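The chain below stands alone and is given as structure tokens, in the form predicted alone.
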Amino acid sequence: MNLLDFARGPGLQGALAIFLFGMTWRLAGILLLRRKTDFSVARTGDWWFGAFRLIVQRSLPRREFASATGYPLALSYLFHIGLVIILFGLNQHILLLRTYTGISWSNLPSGLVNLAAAVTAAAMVALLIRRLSHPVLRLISNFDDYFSWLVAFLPVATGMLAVAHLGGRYENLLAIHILSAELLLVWFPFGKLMHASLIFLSRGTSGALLTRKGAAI
């Protein structure tokens, strides 16, 4: 068995198993948390509107802090949107997802996906430089922040090298790309990358609770 066979076979199966176990464990831990009974009288029944409203509000920069947060927020949106385009727009990724889900859709032009990959990589590097150069961010950053950045960046970088056939034989580049994606799957439930699965849920829950109590949001 060569490296590519391992990456496509046992490596991928093991990574998916750890990912599913980790996601189940984290979500079960959240859902099984003890909650205090809320004895307050509901001020309104439009909790769903409050949930949606807070999700939208927290997704946009506050006017008071726009000058300070606009740049990193724009970079964050660039690389998050870029990752979505890469994952769900590249033909090879669609074929892989169809293998496991049976669902398929039309791919995006390869030039657009390549551009999205370049923009994503550049945005991630810019965010890392900002973290390293900003005194406060550098002080509060820990291993999780840097390692999560690394495991998210590696699949993008290795995928670009594989598409461009730069750095070695295509089979080896593809194997390294797949292994880097598997590392991302393994780390995802246990690090700060998990926020991608919880961010809208947590914001929506907060918005619903605040609206129920009649708080202004």
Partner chain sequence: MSTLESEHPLTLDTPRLTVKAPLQRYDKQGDLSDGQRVEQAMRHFVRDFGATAATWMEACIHCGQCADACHYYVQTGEAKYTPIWKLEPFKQAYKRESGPFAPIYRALGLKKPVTAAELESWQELIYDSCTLCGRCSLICPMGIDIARLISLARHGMAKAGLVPHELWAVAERAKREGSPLGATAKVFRERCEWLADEHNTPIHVDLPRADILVSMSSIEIMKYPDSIVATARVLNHLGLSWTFRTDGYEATNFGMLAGNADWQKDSSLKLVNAAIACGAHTLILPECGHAYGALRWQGANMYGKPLPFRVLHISEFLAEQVQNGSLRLKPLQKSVTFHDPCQVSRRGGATRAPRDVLNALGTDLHEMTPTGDVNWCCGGGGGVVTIHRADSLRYKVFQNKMRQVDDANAELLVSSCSNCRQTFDDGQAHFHWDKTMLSLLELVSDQLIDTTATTGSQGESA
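Residue numbers count along the first chain shown, from 1. Just so we're clear, the structure is a prediction, and the values are computed from it rather than from any experiment. Think of the rigid core as the biggest set of C-alphas that the two forms share within 1.5 Å after superposition.
The form predicted in complex with its partner chain is left out here; the points below concern that form.
- With a 4.5 Å cutoff on heavy atoms, Ala118 does not count as touching its partner chain in the model of the complex; it lies far away.
- Put simply, Leu166 is far from its partner chain in the model of the complex: not one heavy atom of it is within 4.5 Å.
- Proximity of Ser133 to its partner chain in the model of the complex: non-hydrogen atoms within 4.5 Å are absent; the residue sits far from the partner.
- Although the partner is absent here, Phe153 is not a contact residue: none of its heavy atoms lies within 4.5 angstroms of its partner chain in the model of the complex.
- Of all the residues from 42-62, those having a non-hydrogen atom no more than 4.5 Å from its partner chain in the model of the complex are Ala42, Arg43, Leu54, Arg58, Arg62.
- When two forms of a protein are overlaid on their rigid core, residues whose CA moves 2 Å or more are considered shifted, and Pro61 is one of them between the shown form and the other one.
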